[in-house]
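Quick setup: one chain, the form predicted on its own, written in structure tokens, and binding and motion questions come after.
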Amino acid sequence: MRELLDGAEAITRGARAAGCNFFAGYPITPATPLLLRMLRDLPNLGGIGIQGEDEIASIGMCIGAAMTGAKAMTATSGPGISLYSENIGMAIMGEVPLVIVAVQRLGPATGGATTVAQGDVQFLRWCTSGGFPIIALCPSSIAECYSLTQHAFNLAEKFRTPVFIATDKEMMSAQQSVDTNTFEHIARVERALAPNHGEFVSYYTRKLADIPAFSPIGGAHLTRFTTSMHDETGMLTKKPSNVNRTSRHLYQKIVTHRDELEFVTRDMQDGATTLIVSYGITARSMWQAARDARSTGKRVSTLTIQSLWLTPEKSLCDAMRGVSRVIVPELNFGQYRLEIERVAYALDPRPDVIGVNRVDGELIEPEEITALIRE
């Protein structure tokens, strides 16, 4: 069935399909449409939708709800991520399953509240203290808004960690005719619960990369939650061996599962010496540029990245081998190009990595990309 949808509606439907039953947020352009639709839908489905008094309260409500067993989501934009920052760290430390939709706009500060940008890519990666790894998915189409939202919930549940959906003003608010029958329906991953009977230790794992079983606050067991370094029982500790284990566990439980976190779409052409890599709304300009170049006989490959963080290093290496030029279009000063240059550094021969960048609130034109494609 064809429908006229925008990204906000597709993410809302994806969240419902994933079993989301709690949403809290505070109005901020361009994330507000998602807040309004979750407030519209969740109460009718037996869930809870709340407009918090501010951003800090909203993410706090989501953390509390998630720790009682809810599947929680919130949404905001750049300044809101600034306010979320401390609580994002708390969610990482407390191992809270949570989905955070970050709708990028031109910044800094109020910037261009109604203007498209992709300037928060590195901000999301390093948005809280400690440097611990995060997971961020990035849709490039309405269909991916639906499917990647389901993946985001599954990853949050599986790894007990906040997962970002990094999108932008244009993806959130521009309507498009789509065939919803082609949307991908993802099997749900449910949280691994501790048995009701028997001993329960809040943060016990046999190996560093294991995920601790979950017991909801208010449920069958005594459950401790703290934003401080803690031992496996959840008690605050400064004992170096315990601190070291908790730190390495928070790192290893994500990095060890790197292969499960790579989401990309490859469109490779035999003999191509140029590869274009992009993500989000800018990937659409990349796709058109590739079609235009191929129509004139040029060979070019494309790689669309859906998982910004962790960086899909294996997929990038595979795609870059044998090409001499990598073009990276993005709506910032070249934030993700830095990652691609880092990955390319290990290749021999090493391809040139060239950026196509706009920060004037306009989308990148396909012609700006095709001008850089070699034969």
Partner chain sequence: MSEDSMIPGISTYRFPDRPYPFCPGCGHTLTLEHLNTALVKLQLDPHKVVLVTDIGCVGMSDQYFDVNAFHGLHGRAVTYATGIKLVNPDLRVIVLMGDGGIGIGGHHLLNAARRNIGITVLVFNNLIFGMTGGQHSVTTPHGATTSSTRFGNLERPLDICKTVAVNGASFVYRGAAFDKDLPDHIADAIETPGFALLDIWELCTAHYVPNNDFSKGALLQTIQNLGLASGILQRLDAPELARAYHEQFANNQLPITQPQSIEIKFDSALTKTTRIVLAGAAGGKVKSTASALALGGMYAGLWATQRDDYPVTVMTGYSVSEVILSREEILFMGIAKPDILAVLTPEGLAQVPRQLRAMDESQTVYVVPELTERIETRARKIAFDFSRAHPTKKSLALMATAAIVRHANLFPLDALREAISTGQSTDIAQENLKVVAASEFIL
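Bear in mind the structure is a predicted one, so any value in this text is a computation, not a measurement. Numbering follows the first chain given and starts at 1.
As for the form predicted in complex with the partner chain, it is not shown, yet the points below apply to it.
- Using a 4.5 Å cut-off to the partner chain in the predicted bound form, not one of N242, W309 and I340 places a heavy atom inside that distance.
- In the predicted bound form, the partner chain lies within 4.5 Å of some heavy atom of S177.
- By the criterion of a heavy atom within 4.5 Å, E170 is counted among the residues contacting the partner chain in the predicted bound form.
- Although the partner is absent here, D352 is not a contact residue: none of its heavy atoms lies within 4.5 angstroms of the partner chain in the predicted bound form.
- Among residues of the shown chain, L106 is not one whose heavy atoms approach the partner chain to within 4.5 Å in the predicted bound form.
- A heavy atom within 4.5 Å of the partner chain in the predicted bound form is found for exactly one of T256, Q269, S228, S247: S228.
- The listed set Q122, T273, T265, T114 contains one residue whose heavy atoms approach the partner chain in the predicted bound form to within 4.5 Å, identified as T114.
- Stretch 228 to 236 is the contacting one of 228 to 236, 158 to 166, 204 to 212, 184 to 192, since its residues have non-hydrogen atoms within 4.5 Å of the partner chain in the predicted bound form.
- In sequence order, R284, S285, W287, Q288, R291 are the residues of 282 to 312 having a heavy atom within 4.5 Å of the partner chain in the predicted bound form; the partner itself is omitted from this view.
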